[in-house]
Structures are given as structure tokens and as C-alpha cells.
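As C-alpha cells, the next two blocks hold two forms of the same chain, structure 1 and structure 2.
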Structure 1
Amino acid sequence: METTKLRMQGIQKEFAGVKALDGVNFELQPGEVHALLGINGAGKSTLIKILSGVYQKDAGSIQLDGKSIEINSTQDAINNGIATVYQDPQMIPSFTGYENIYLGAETEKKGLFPRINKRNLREKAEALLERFPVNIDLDRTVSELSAVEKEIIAVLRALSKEMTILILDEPTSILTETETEVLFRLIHVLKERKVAIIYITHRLEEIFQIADRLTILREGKNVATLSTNDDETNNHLAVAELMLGKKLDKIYPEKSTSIGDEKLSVDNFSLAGSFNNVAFKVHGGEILGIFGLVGSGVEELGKTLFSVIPKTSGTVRMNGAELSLSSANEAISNGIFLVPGDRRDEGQINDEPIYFNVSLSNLKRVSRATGLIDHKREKHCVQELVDQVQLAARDINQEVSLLSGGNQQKVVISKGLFTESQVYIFAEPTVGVDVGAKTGIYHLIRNLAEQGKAIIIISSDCEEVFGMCDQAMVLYKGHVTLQKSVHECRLEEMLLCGVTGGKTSE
């Protein structure tokens, strides 16, 4: 047996009275892919942030190659060969992709004005792209990039460092199948070079594809460390139950049985450069799923329906009457709400409390005729919703930026529920959400449908669309490649239509 690469023992971390980590142990062998699992708020990100120097541990020890080390800054971690892709990578929006990759590491030269050789940076970045071959234009500024592209930049940035440990915090919650595959290939290459990898994800099926071992955390404590080769662990449900600490219900709720009147009907809907000629109808009580990879136009389709992007052509009818919407504000007042996919940038007001976020889209509901807010009513309504989505938070006065990823998503969904809309568009509703909460969100969505709302789920997770929806639509490069009732189609067919456009490659 080789020497253990990393040994973290008895790690403790407390945030303002919340014990995020309570004596966690974690070990890593060279060349191992070690999955770190746990439900939202279990402490996964906190543990790896301690390892990468973002947070300092309150107690415990870290040994690297058998030697005790202290990691006091992110620079310490990098110097120790620990590279990290964070769950919410921070970048400078006005810098290009290249500049962000090499931020703070532009040159080896010392001095007050070390010269930065742009050409050199570009060559290095291109060499990186050969190792992680994805389709991305690094000359664009980060503010123009989509969430997927930002994630890719974050991975490239980690790869640009000399490393023996690579930490990936939920990379695939944003990436789609195509990039995920590239990432997995890359992980295999790194493994062969004896790089040890810590891999955090909520997609359990991935673990059995790439991980050698897995460690499960619950409420800041170790629950188990297992090898994925064992038969008994080779089973999503067993792992999910260990994470949750209780039996898991069925993931997807029953499909709809009663379909109401036509709610939303969209014809000839186009956005130049993104999607063409999309047409569909959604009835009350029905869930329409739209599956498509990044770049297929699904993301834009959602935003265009919600009128944050102006459409190029097409008509939208609600209950038979044609709508002409020119802003999200008008969409909301006409009963359409989009729960956006990129919650950090589009979904939430970070430094404000939960109640502020939840009520923001429908302040009328909690204000008096004078325009003043009725705090009592607001608290009551928000609390009710927050209980309904089972948000794990201290109370509704907590800042949303302090919540774990999955709980932030629940806040954004609560905000949507608060508007009491007729048509809900959910973009990537379960990104970064743990299995337990995922089930909760699915049931919530189904519940909404049962109340007679029309629902559209836009997702790059084919299984989600297949499992949740009554009607399915698949977009490939802006064109509809499949549109039928989910009862009549197979998962493989949908996946194929989304990934290749429906043509089997010869």
C-alpha cells in the first residue's frame, strides 16, 4: 500500500453557532477518486474549503504525505499542490476567459511590474484545452459566458496549477452530459498520473462510474466510508439512505391523471441564433418537459417565454388570449413565473434575508393599500412556504448567501410559489439539490400541477424530464427534434434526440 496522500482528522468548524463540521475524518490515497457525499448543508463544501484554505479549521489536523501541515490561505493550499474547483466559482466578470484562468498566476517573474506575456498565456491555455477538450471561446469576457462556460473556466483554472490533489465541488451540477463526459475522461487521465481527486456530487449514478471510494457526511459528522466495489454499496438507494439517515420515498411522483383546460399555447416561437419555430401547448395540471443540452437553446427558450429576452417572432396565448409581454414584470403580472437556473446570478438577492427574497416578486400580496409592507402577514406567508419546501434555515431572517446550495434553490422556488402564478417555468430545478430535497421539490412541482397550474420544466437532465413530465419536447441546436407524450417514448430515444439530434451515427 502506498502512503496515504492526505489525512484529515477530527476537523471541526463552527459558523456563528452552527456546527458545520463536528470531528470529521477524511483520507485520500494517491490516484484515488474519493466521492464526498451528503445532503445539502451536510458540510461537504466546508470541509473542502478548509483543505483549500478558504476557511480555517477550529480544531483537527491535516497531514499531507505523512507530514503535518497548516493551511492558512488559499495560496498555502496551492503551494501544497491542492487545486480546487469551487461550487460557486468566483471570477472577475470584465476579464476574459484567459485572464480569469491565470488570475494571480500570470507570470513567474518577480518585481513591481513583471511583464505579462499575453501570447504565452494563450498558448498555455490552449495546451490546457487539449487536455480538457471542450468547446469554449476564451476571448470573451466572463460576463458574457453562460453558467456552463464559467464552470469550464473554473476547471481550466484548477488544471493550470501544479497539483497532486484536485477538488471538484459539484462540477456536474452545472455541466451537461457532453462536458461531463469530457470531465470524466480527464479524471481518468489525472488518476493515472497519481493525482488524488475529491469529488462532490448529488448525482449518485456518477459515483459508481468514476469513484473508487465514497465518504458520507451527515450534519457535520462521518457516517460511513465505503468502497464502490462492494456489492452492497453498489446501489443508489443504499447510499441515499445513508445520506438522509432515513428511508427514501420514491423519487418521482405519480404522473398526472386529470388534465384541465389549455393554459399556455405557444406558436412559431423563435429567437434568432438560439431556437426556431417552437410550438407547444400546456394544459392546467400538466407538466411539459423540455430537454436540451447547453447551446441547444433551452435556456434561452425559458428566458424568452418569461420575456427577459425579447423574442424574434411568435405568439404566446394564455387562456386563449394573446399576450404581448415586454418584461419579466409584465410576465409575472400575467401569471407566468420563471424559476431561473442560475440562482446565484438570476435567482436571489444574496445579502438580503430569506423573507426579502421570497416576497420580492409579489410584494403587493403583503403590502397595505398605502404601499407599506405588512410585516406580520409577510412573515406568516413566507413561513408557511418555507415550511412547505422544508427549508433548513435558522429562521427566515437569515441571509440567503449563508445557506447551503440546495437550500438556496428552495428559497428561489419559494419565491416562485409566492407569486401564485398560473404558469410556472422551472429551469434546472434541482441543480445542486440533494436526493432528499430533490424528491421534495419534485413533489412540490407535481402538487402545483395538481392545483391546476401549467408547468414547464426545462432541464439538461434527461432523466429528470423523463421521470417528471407528462409531455416531452427535445431541442437540439435550436430545433425541436422530438415532441410527444412521455408515455409513448423511451429515455434512450429522448437522450439520442437531445445529444445527436436523433440521427444515429453510422
Structure 2
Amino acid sequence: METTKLRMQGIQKEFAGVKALDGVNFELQPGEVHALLGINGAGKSTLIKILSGVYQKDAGSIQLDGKSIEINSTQDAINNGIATVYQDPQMIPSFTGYENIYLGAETEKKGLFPRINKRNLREKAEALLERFPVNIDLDRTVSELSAVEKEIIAVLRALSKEMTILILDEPTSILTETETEVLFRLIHVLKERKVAIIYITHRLEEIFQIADRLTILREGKNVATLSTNDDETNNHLAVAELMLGKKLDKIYPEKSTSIGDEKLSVDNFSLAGSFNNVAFKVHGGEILGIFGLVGSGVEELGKTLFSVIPKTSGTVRMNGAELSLSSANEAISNGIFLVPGDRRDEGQINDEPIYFNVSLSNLKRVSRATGLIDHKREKHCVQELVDQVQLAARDINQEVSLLSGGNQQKVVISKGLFTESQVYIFAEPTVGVDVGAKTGIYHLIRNLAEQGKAIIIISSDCEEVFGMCDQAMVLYKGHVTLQKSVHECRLEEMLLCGVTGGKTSE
């Protein structure tokens, strides 16, 4: 019988009197993909950081191949064959793939200025590819690589150190479906080589594609360890309920029953090279969902509607009056706001407090006649909003970067609400957030619609559009391939139109 690769027993960790981990157990077998699940704050990150040497456990034991070990530093983890590939792997864009693989380990020679033999590095990289064959050009610079190729470089960098345990933290968060398939093929190769993998993701559908088992944590404690082959496990709702600790009758709120007047209409809307002849109408109280994969033009459509990108042609009307918008400021002034999909780079200032991020979108609302900001009024208005969206934070002075993904998204939504707009465009509204935060965001969006706002959701998650929206539109390679009421759609139909343009074979 093969020895268990990793066994963590009774792991405890406390921060400032708060137990982050309370006697957690976790096991990993050779060649296994074991998913680690839990909502934000469940203890996943703390457990992984203990295993990777970032934190030190307060109590408990760790066994590797049946032998007790201590991990007191990141170097201890590496020496024991444990590596972590984080959500945003750090690389030097101007260096080649093989140079990034051996970054920090270019030479074994000692001295102040040891000579680096690039030819030797290239040969070592070729030998690595023979062991873990993937289709990648290691001579290209990282700046030239796709998102999945960068992820592969990060994995190869870990494997170059003779790792036998690989931790993948949200590896597909910025990957397309096609790129995700490429990564999954590499994971299957690693399994065949008996590399044991801990897989962390918020995308429950991936668990049943790639993982053998799953362990769920809640409030720093074990909830369950299950096989993904079990009938009772192979149910997204059941897993979500275990993560949350409560029944979820519905992840998505009820559809709208009261549609108001037309708010926004778009006709013959085009952006050269991205999308053509898009036309739609959205009413107050209504949610229009636009589904499309990366490269379909959906991302550019949202930014063009918000006038971040100038349109090539077409007309936009608000309450029947034609708009001529040339900037995001003009869009906001006319009652249109975009909640961007990339909240970190486009939606927030990470090292600034919550109140600053929220009020930034509409400073006139909290300014005196002199033009100076009334900070007392600013904080009062922001506090009302964050209470409304049920933001979980110490207070509104907390830096946004210290919040969970779901709460960061709520800050960006609050920023939009602060503009008191009439039309809200949500691009990838729940990317990178757990199922509990997703449900909260969905109800928040529906509540906005019930207040008479017109909502547009742009998403690469077909199920999200199907579950949330009243009207659906699908883009494929810049063209509208489906447009109808969600009540008249089937999920499979929407997906087919988004993946193949509606063709049964391509």
C-alpha cells in the first residue's frame, strides 16, 4: 500500500486572539488532485501558508511520506519538495520563459558576480520539458506569453526544484475555457508523474472536472472530506451549502415581475475589430445579460458603452434622447456607470481606505461650495452605502487591499452606487469571489433593478447570465448570435451560441 504523501493533523493557528485554524486535518495522496474549499475566511489560505512556510503553526503535526517534519520557513517547504503557485505569479516580463524558470537559481557557483551560463539554463529547461511535456516556446519573453503560458512557466519553475507537492492557488481565475483545458492537461501529466496537487478555487464546476477529492473548511474547522465520484458530492448546491453551513434554496434571486420604461437603447453599435452592429434595449427594473467568452467582444462592449473606448459607429439613447459621449466622466454625468471586471487594476486603489475609494466616483456629492471635501459628510454617506451592501470590514478607514475578494467587489459596487446612476453595467461581477459572496452580490444587483435601475451584466459565465437575467444576448466573435427573453432560452442553447456561434460543429 502506498504511503500517504502528506498528513496534517490537529493544525492550530491563532492571530490576535482569533483562531484561524482550530484542529484542522488534511491528507494528500501521491498523484492526487485534492481540492481545498471554503468561503473567504474559512482558513484555506492560513493552512496553505503554514504548509508553504509563510506562517508557523501553533500546534499540530505535519508528516511527509510517513515522517514528521517541521516547516519554519519557505526554504524549509522547498527543501521538503513543497511549492506554491499563487494566483498572480511574479515574473520578469523582459526575461525569457527558461530564464524565469530558473530565476534565483541561475548558477551554483559562488562569488560576488558569478557567471551565468544561459546555454546551460536552456538545456536544463529542455530536459524539464521532456519530463513534463507541454507545448510552450521557452525562448519567448514572458511579456509575449498568454496567461496560461505564464501559469505553465510558474508550474515549471516549481517543478525545476524537484517538487513532489504542488499547491495551485486560483490557477484559472484569469484563464479562458480553452486555456483552462491546456492547464488541466498539464495537471493530468503531473498526476501521472505522481506529483500531489492541492487545488484551491472558487469555481465549483472545476472541482468535478479535475479533482479526485475535496476537503471543505468552515470557520477554521473541518466540515467534510469527500470523493468527487460520490453521487451526493457531485452537486454544486450541496457543496455550496457545506461551505456556507446553511441551506441555499436559491443562489439566484427571483426574476423581475415589474418592468418600467425604456432607460437605454443602443443601435448599430460597433467597434472595429471587436464587435459589429450590436443593438439592444434595457428598461428600468430589468437585467439584460450579455454572455460571451474571452475574444468575443464582450469586454470591449462594456468599455465602449462606458466611453472608455471610443465607438466606431452607432447610437446610444438615454430616456429617448441621443447621447454623444467621449469619456467615462461624461458617461457618469449622464447616469451610466461601469463596474469593471478587473477590480484590482481598474476598479479600486488598493492602498487607499474604503471611504476614499467609494467617494472618488462622485466628489461633487460631498463637496462644499468652496470645492473642498466635507469629510464628515463623505464618511457618513459612505457608511450608509457600505451598510446597505453589507460590507464586512473593520471600518471604512480600512485599506481595500486588506479585504477579501467578495468585499473588494462590494467596495467597487458601492463606488457605483455613490454616483446615483440610472444604468449600471456589471462586467464579470462575481469573478474571484466565493459562493457566499456571489449570492450576496446577486441579490444586491437584483435590488438595484427593483429600485428602477436598468442593469446590464456582461459575463463569460453562461450559467450566471442564465440565472440572473431577464433578457439574454450572446456574442460570438463580435456578432450577436442569440437575443431573447431568458424564459424562452435553454442554458445549452446559450452556451452553444457563445462557444460555436450556434453551430453544432466547427
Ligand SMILES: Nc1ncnc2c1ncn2[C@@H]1O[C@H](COP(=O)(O)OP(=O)(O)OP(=O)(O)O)[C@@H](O)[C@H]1O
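For residue numbers, the reference is structure 1: its sequence is counted from 1. Please read all numbers here as calculations on a predicted model, not as lab measurements. Rigid core (definition): largest C-alpha set, two forms, superposition within 1.5 Å.
Only structure 2 matches the form predicted on its own. Relative to the superposed core, residue 278 undergoes a Cα shift smaller than 2 Å between structure 1 and structure 2. Taking the rigid core as fixed, one finds a CA shift for residue 81 of 2 Å or more between structure 1 and structure 2.
Core-superposed comparison between structure 1 and structure 2: the Cα of residue 492 travels less than 2 Å. With both forms fitted on their core, the C-alpha atom of residue 127 sits 11.2 Å from where it sits in the other form; this compares the forms between structure 1 and structure 2. For residue 9, the Cα shift between structure 1 and structure 2 is 6.1 Å when the rigid core is held fixed in the overlay.
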